[in-house]
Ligand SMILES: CC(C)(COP(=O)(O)OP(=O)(O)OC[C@H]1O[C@@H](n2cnc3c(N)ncnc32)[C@H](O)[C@@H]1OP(=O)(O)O)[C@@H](O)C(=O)NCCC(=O)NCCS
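Below sits a lone chain in C-alpha cells, taken as the form predicted on its own.
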C-alpha cells in the first residue's frame, strides 16, 4: 500500500533487528534509565521482544524501507491477534535476565511494565510507532498510522487504541489530528521519578 508517497509493507523476520534498533533510537531517553551502563545490550533485548510479539503477542509490524530492503526508516506495531501474555512475560524476563543479570532484570521489568494494557478482542492496539531521527517530519508517521488503521479495519476491529506519555506534545498533536480522544490515564510516581513520565494517556478511536 502507498500512503503519502511512502511504501508501507508488512515486516518480515529479517527486519526484527532493524525495528529493534529504531525503537531504541526513538525512545533513548526512556531506555537509558532502565538499562543504565548496559545500554549496549538494549538492541538485542528489544530484538527478542519484537520476535516474541510477532510469535506470541498477536502483533503485526509495518515498516517503511530506505534505499535498500535492509534499511528501515520507520516502523509501527499493531496488535490485532490474540496474545499469550504469560508466555510473553516469561520470554521477556529470560531475555532481560540473560543480558542484565537478575537484579537489573527485575528493575528493568518493573519499569517496562508501564503503561499497563488489557487487551480487548474488538480493539486493535498501536505501539512503538517510531521514525528514524533524520527522516522525521516527512509524513512517515502518518503513513504508518494510516496503514495500521487500515489493517485494523480489515481485521474486523471496531476501535483502535494506543498509549502516549502526557508530555509528548508532538505525538499528542498527531493523534488528535486523527481524532483520537483520551479514554483514561494512569499516574505513576515510579516512572515519573525515573523516566520523567508521570502520566500515561490512553487514547482511543472508533474505526
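Positions refer to the first chain, counted from 1. Please read these numbers as outputs of a predicted model, since none were measured by experiment.
This next part talks about the form predicted in complex with this ligand, which is not shown.
Only one segment in the set 140 to 148, 55 to 63, 153 to 161, 40 to 48 has residues whose heavy atoms sit within 4.5 Å of this ligand in the model of the complex; it is 140 to 148. Judged against this ligand in the model of the complex with a 4.5 angstroms heavy atom cut-off, the residues 129, 168 and 173 are in contact without exception. Proximity of residue 136 to this ligand in the model of the complex falls within the 4.5 Å heavy atom cutoff. Proximity of residue 27 to this ligand in the model of the complex: non-hydrogen atoms within 4.5 Å are present.
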